[in-house]
Structure formats: structure tokens, C-alpha cells
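Encoded as C-alpha cells, the following chain is the form predicted on its own, with no partner shown.
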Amino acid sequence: MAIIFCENLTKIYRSGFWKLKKVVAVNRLSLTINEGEIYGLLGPNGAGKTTTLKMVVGLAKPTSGKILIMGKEPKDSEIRKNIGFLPEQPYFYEYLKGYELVYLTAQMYGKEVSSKRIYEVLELVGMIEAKDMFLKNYSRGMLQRIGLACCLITEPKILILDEPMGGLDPIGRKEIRDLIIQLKKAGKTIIFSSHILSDAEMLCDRIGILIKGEKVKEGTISEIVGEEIYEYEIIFSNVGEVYLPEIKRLAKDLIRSGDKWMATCEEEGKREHLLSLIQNFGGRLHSLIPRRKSLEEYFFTFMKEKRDAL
């Protein structure tokens, strides 16, 4: 069932001294986000991702088009209580403590919350030990997590996150990914934008790709990228140097890493021939990995085709 419905959303900004220059940030965008799913909004810089999310939460007014959240407009006060929003670069007063920020956020919604609920949310985002630290001493990852705590304090049904993994190190990204998965399991509907395509591939039920304010692709990862195997990766060892030229003749690439070799090939026939050679040469097979195109590989190829078509 659709929990967010957008139809023909358009946002036009005016720029220049006399506001005569027209900039189309989002152009006739239609989206349907289903209850309980994770939806990723992807695209290069300037694609319209942030503008779209701001219109959905009611921070920007569409030039034209329609937005319905749980059947109502975003400006409805009850709807706003059911939305948690984390902007791309949240700014918090640095002399507040983590606990104080979460408490004040709840008050801004006009909702009294118990200390128990605040502790529950801080525990959920892994910030219970930092609750009495001033925000000025928080790392980027800690600020992201305390921002998520603020999003969750009113127990919203919908979370809208603008670049939630942006600027985080690998550990911080994993922590946020794990938290997003946990929130999905708790029944939340999550829509987020991202430049980090590998994170979107791991998390999203569906994605939409925006280019210059227009949706150019939408679907599940498998629908967009496909399930076709395009390459086989063979890791082996214990093959004498004298036999390597014969293996290299069949392989697309042959790369050494320590005491192991990695051979790649694109055809099943060559794969079977390589495996036979490795066995006949007394080699040890460590792994055979069929590779499908990743979302990142697909995205770069797709963007190149778009640029070449211009």
C-alpha cells in the first residue's frame, strides 16, 4: 500500500538580479513509496534529490504537482508528527548535550516524552554513553546518530534521510546501515538519498535514479541491473610459473596477490577450461565467484551513455 504518493512534482527556482532566469530543479516527478519499504533516491550532484525530499517533508513548496502522505498533504500537523527528517548537513546548537537535544526536539513537536523513551531511542542509535557530552565534541558519525535519535523520538512511521552516510568512515557507514535495517524490521518506511551506490544496493527494496530533476529509471536492483553473470573470478595457487602463460592465454586478466593468483574470464567454456588446467597443473582452487554487474558499475555505464547521447 502506498504511504507516499507524488504526482507530476515540479520545482522551479528563479535566479539572477531580476529573478528572470528559470532553473528547473525537479521536473514532473512521480513517485509511489510503499509502506514498510526502503526506497533509495540516487543521482549525481544537482539531480534534484534534496529538493524532492524537502518538498515531501513540506520544507519546500512545489511549483506544481501533488504530494500525499498517508492520504493527506505534508502540511497537515498530524502527518508531520509521523515523519522523521534528517537533512544532509544537520546543524545543532553545539553547547547542548545529546540528551537535551532529543528532549527539546520532542517538545518542538508539542509532545511530552518520558525519560524512559529518550533512553530507549538513545540506546537504539548507540548514543547512550554519549548522552551527557556536548554536541561540539561529537564526531560526524555521532552527529548523524543523534540526528536519527531526534527523528525517532516521536515514533514516526516514515523516515526521510538526506545522505545519511555522507562523510562517514566505513565503520560509521556500517553502523548507520545496520540501524536502517533495524528500523525497517520495526516497520518503518524509509526514503533516503545517497551518492554511495554500494550502500543503496545493500539496503534498498527499490531505487529511483534522477538526472536533471527527471526520473530516468526506477525498480528493484535486479530489475535495473539485471541478474546476468558477466564475469567469473577464479582464485588459485600452487601452479608453477611455467604453466602460467597457458592460463593467461585463456584468462581475461591474471593478477597476482601474495601467493595466490586471480584469473577472470567471461565465457563458461573458458571457465571450465581454466578450472581443468588448474587441476591438471596440480594447482589448488580457493574460490570460483560468478560476478553480476553491481549498481555502481551499472550507474557509471548508464551515465556515460547519457552523456554520449547529448
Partner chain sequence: MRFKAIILNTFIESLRDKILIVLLVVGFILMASSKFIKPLALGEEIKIIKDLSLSSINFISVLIAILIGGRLIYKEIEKRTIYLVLSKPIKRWEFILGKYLGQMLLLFLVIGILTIAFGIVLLLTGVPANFLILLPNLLLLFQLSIITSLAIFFSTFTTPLTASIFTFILYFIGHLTRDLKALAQISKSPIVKVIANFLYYTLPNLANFDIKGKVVHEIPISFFLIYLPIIYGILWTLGLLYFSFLIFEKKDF
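All values reported here derive from a predicted model rather than from experimental measurement. Residue numbers count along the first chain shown, from 1.
The same protein also has a form predicted in complex with its partner chain, omitted here; what follows describes it.
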*So in the predicted bound form, are Ala263, Asn280 and Ile289 all sitting within 4.5 Å of its partner chain, heavy atoms only?*
no
*Of the residues Ile67, Val57, Ile247, Leu42, which one places a heavy atom within 4.5 Å of its partner chain in the predicted bound form?*
Val57
*Partner-contacting position among Ser139, Gln89, Thr220, Gln182 - heavy atom within 4.5 Å of its partner chain in the predicted bound form*: Gln89
*Partner proximity in the predicted bound form: Tyr230 to its partner chain, non-hydrogen atom cutoff 4.5 Å*: no
*Thr105 within 4.5 Å of its partner chain in the predicted bound form, heavy atoms*: yes
*in the predicted bound form, does Ile128 have a heavy atom within 4.5 Å of its partner chain?*
no
*4.5 Å heavy atom contact, Leu101 to its partner chain in the predicted bound form*: yes
_Quick check for you: of 221 to 229, 168 to 176, 74 to 82, 114 to 122, which stretch puts a non-hydrogen atom within 4.5 Å of its partner chain in the predicted bound form?_
74 to 82
*Those residues of 8 to 29 which, in the predicted bound form, come within 4.5 Å of its partner chain by heavy atom*: Lys11, Tyr13
